[in-house]
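Starting off, we have a lone chain in the form predicted alone, written out as structure tokens.
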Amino acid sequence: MADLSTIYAGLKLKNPIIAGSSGLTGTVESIKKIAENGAGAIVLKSIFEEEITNEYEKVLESAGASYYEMEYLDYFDYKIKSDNINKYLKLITEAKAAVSIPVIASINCVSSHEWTYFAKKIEEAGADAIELNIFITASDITKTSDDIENMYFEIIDKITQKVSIPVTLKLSSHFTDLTNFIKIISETKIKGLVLFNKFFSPDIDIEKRKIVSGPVFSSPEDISKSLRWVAISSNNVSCSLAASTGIHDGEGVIKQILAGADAVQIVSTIYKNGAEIIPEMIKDLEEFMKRYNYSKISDFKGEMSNKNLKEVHLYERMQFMRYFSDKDIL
């Protein structure tokens, strides 16, 4: 029987399928169902930086202290009574008691302020790792690309100083020099990178003249972006790689491993098909490995990465001309 186990961010997973952070990983009941259906790990629903900093500010205001007075960090430790924070720590503890697979906490953050102290409490609650879900919109014209990128390094540095459990980073693809940034950030103290995040997509209701949400779920076609960059980056990084967005079936899992991913994160397909999609994906992976005589994941991981292709430009090509210039469809 094929060995589906993989190492991601120093954690041994029984298979490479991780349930990504979402509302589906926000209750113990749902987490248990996902685990029972065979997921290799679970990333809990994110707690947002605002939920943490808002409470810190309330605590400091009641104490008559400045938000940036570091001596009050110990005071935060016992004074914080926020329902959001306590519920999140309780979710970690209960999830760890309910399932045997790794439980990864998730913090959605945009700054490197003193909320990072909360990371230690996550570790103490029993989380196996922390995933930093960062996206800093480049909408402030006074900030350069270096300014924005440095904020990522500051957040990583502060978090990794606080905890001993693995810290991973879920990235967007919105960087000027993405290949170089992925490489450099992989050389920090983080243990894993997730490529890529799916963000809220704004749309406009032209009748009501208001901002509304665009498509919430990914589609199988969305796999292209992460597939390209996993394949380009997999041999250049100094940490684990997980692929995210557009992975809806076993074929998507296989593609990302061939490109060089150590693991994949799925969300939309669980929303659409239920947790029962996971054993189907596992079965597809097992059958693929049996069909081509692969005994373990490492036998074919990265087989289709940039490093192992003679035509290395295939992942780098952005135009249609090479393949469709003779077609009528374009």
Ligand SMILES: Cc1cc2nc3c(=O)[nH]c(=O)nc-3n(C[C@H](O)[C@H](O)[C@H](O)COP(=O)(O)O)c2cc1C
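This is a predicted model, so every value here is computed, not measured. Residue indices: 1-based, along the sequence shown.
Absent from the display: the form predicted in complex with this ligand. The rest refers to it.
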Sort through 27-35, 284-292, 41-49, 297-305 and report the only stretch with a non-hydrogen atom within 4.5 Å of this ligand in the predicted bound form. 41-49
Partner-contacting position among G260, G192, G246, P102 - heavy atom within 4.5 Å of this ligand in the predicted bound form: G246
Residue-level contact is defined here as any heavy atom of the residue lying within 4.5 Å of this ligand in the predicted bound form; does G20 satisfy this criterion? yes
Is there a heavy atom of F217 lying 4.5 Å or less from a heavy atom of this ligand in the predicted bound form? yes
4.5 angstroms heavy atom contact with this ligand in the predicted bound form for N108: yes
Quick one: is T160 in contact with this ligand in the predicted bound form, heavy atoms, 4.5 Å cut-off? no
I have N197, V267 and Y271 flagged as a candidate spot, so tell me whether each of them has a non-hydrogen atom within 4.5 Å of this ligand in the predicted bound form. yes
Could you pull out the residues of 143-161 that have any heavy atom within 4.5 Å of this ligand in the predicted bound form? none
